Every structure is written in structure tokens, then in C-alpha cells.
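Below you will find one chain, with nothing else, as C-alpha cells; this is the form predicted alone, and questions on how it binds or moves follow later.
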């Protein structure tokens, strides 16, 4: 039988071999499963290592933690463990399991099962394959549901007709995998998916769970094809019953994001998914955005970003003035969340606005005063509010390049006092 693991990254392969060897020593069967198997067949990199075990996960994880010098976290109620290695590799260990759903959208009821049960509980055939890592079957493909054939033909196919009923978040996953791999949702699967949307099965899932899957879509390298496909399927009901996405606007933002990410000042940022979300919901009213944020339990800074969309139009109007002081730009931007600043930059093609924001982000937001409140006390100023106002005034002068050195800051402080 073919060994599909022979050509993967050597460091990664060494870890898999050690897990297999320890499984052999403890007389347990172990398999890598899920997305990593799919991506090995597609010859794509994937370092999300999911392993299912026929045996005692905790016992195996404790041994592996010592051998791999990893930190182990146990979830005994679920029969799972996570190993975090020094090289940031994460390994999830799970006992083979069988799942059932009390109702549509509910979290699954889990009990021990077989490897076949474990593969059958997964979303699509392309994610329902395993590879052995024991010595006797190392790198051998276990494909009980023709996932390899579906990969060859570029098909996204569910394993059974209740798949979208059991877990409606699979609607978003089907679209995401279809667009990521340039596959197509198989005809019967597409019929089941459309029926699930028509019957509003997304209402059966908690909004937070559904949004987690939507966020993954926004984290894709190019979210726009995902959004276009979802729009065509009528799948935006979860955002707002009357929601209509403006794909032209989102695509324009996407084009500018691609350019921004090539600039050194922006390339290390990781908030792009939020910028896409702002572009999507910008046409909702303030109350609708606030309601949406509460419904999906956005974090405080994310909800704040949605609220700050109200300020964007006025800021853009100000940017179109002939000339703005650097301190004026700073006053407009310094209280905004990072994602809102990036959205302002990405929503326009106006070069002056780009220059204003680039200069603020790369230079002005990092400017600091050399003097402090202690220096102001030396010249006789002790009142807190007055001291704060004076430090701000000196700071704005420094932003505008009217002063540069500590001596100049002290001189201006004395003049102002």
C-alpha cells in the first residue's frame, strides 16, 4: 500500500512517527484524520494535527508530553487532550467517537464508537478520511466514503441527508471549502443546502456558533468569492432578515487591502477579517449593527469598531479638505479602533486620504513627549486637568514639527504656563 506521509515536512513527519511509536508501545491504534489528510492528498501544507485513538487518550497524551517536551491539557469529560509543542505545533488527541443530535443545531451527544463512526460524523467526504500512523499501516489511506475520488473530481459532498439539519454551520463550511479549493458542491448536496437555507435552519444554531464559522470565511485569503457564493444562495439571513450585501463595495475594499498588505507598515496586522466585516455591515443602521454585535457576542473592541462606523463619513469629508495639520489628523484617528482605521484606508482610492492615514500609522501615532508631569511640576503647575491639557498642547506642537527636542518642549511649557 502507498505511504502518503513519505513526502511531508521532515520535522512534522518526525512528530507523527513518535506518536505512532508510542501508540504501538501502548498497543493502541492511532490515525491522523480530517483536514490534514485532505491537504496531504492535495499537496497543500497543513499543520493542524488531529489524531484519533482507539484507546486511553489521557494515558497516551501523558507519555507523549514527556517525549515531545510538550504542555498537555486534558478535557476528561470529552475524552480529549491537546499537546502544545515548543515550535508552536498543536496536536489534538481524541478517542474514536460516535455522535447523535437531539435536535437540529444542538451540540452533539457523544459516545465511544469505531473509526468508521468517527469518520461518518464529519461534515464532508473530503474531510472524512484517515491515515494510519502505527508501524503496521504507517501512511496508509483509510477512505471509507470515497473522499479521495471526490477530491479528484473536485466535489463537496455530505455523508448523509441529515448533515445540514444536524449542523447548519456546515452551510458556511461547504461554501468555504468550495471556494478555497475551486471545487463545486455536488448536486444532491447543493439541493440539501438550499433546502436548509430556505427552512431557516440557521436559526437553530446559536448566533455565536454560526458567526464563528462566518469569521473563518472572512479569514480566507480572498473572502469575496465566498461572500458572492453565499449571496447567490440567499445565505445572509443570519446577519439581518432584510440584509443585502454590497459586493461591489466589499470587493473594492478587498482590492485596497491587498495593496495595503504589501506595505511594511501593515503586513504584520491580523485584523483584516474585521475590516471585511465592517465593509459588509456598513450599510446597516447604527441600531442594526449594535443589535447584530450583541446577537453574536462580539468582543468589546469589535463592538466598538461597529459603533465607530458612524464617524467614518465625517472623517472622510474632512480628509478631502485641501490641507490638514498632522495634529488634526491625529485627533480624528487616535481614538479609533485599528480595524476602523484600516477600513477608512481601504474604503477609498483617494490618494490624499491614503497619505494621511499612512503617515499617522507609521509615524505620528508613535510620537512621544520627552517631558512628563514631573517636569511641569518643576515650573509650578500641579492641577491635573490643566497639566493634561498642557501636555496635549505640547504634544500637538511636536506632531506638527514645531518643536522637536526636550528643551523646546520645556520652553513651550513655560510659555503656555
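Positions refer to the first chain, counted from 1. Because the structure is a prediction, the values reported are computed rather than measured.
The same protein also exists as the form predicted in complex with a small molecule; that form is not shown, yet it is the one meant from here on.
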Would you check, heavy atoms only and a 4.5 Å threshold, whether residue 256 touches the small molecule in the predicted complex? no
Residue-level contact is defined here as any heavy atom of the residue lying within 4.5 Å of the small molecule in the predicted complex; does residue 180 satisfy this criterion? yes
In the predicted complex, residue 169 touching the small molecule (heavy atom, 4.5 Å): yes
Does at least one non-hydrogen atom of residue 127 fall within 4.5 angstroms of the small molecule in the predicted complex? yes
Within 4.5 Å of the small molecule in the predicted complex by heavy atoms, the stretch out of 354-362, 27-35, 60-68, 368-376 is 27-35
Using heavy atoms only and a 4.5 Å cut-off, determine which of 229, 122, 97, 140 is in contact with the small molecule in the predicted complex. 122
Select from the listed residues 289, 345, 176, 157 the one whose heavy atoms reach within 4.5 Å of the small molecule in the predicted complex. 176
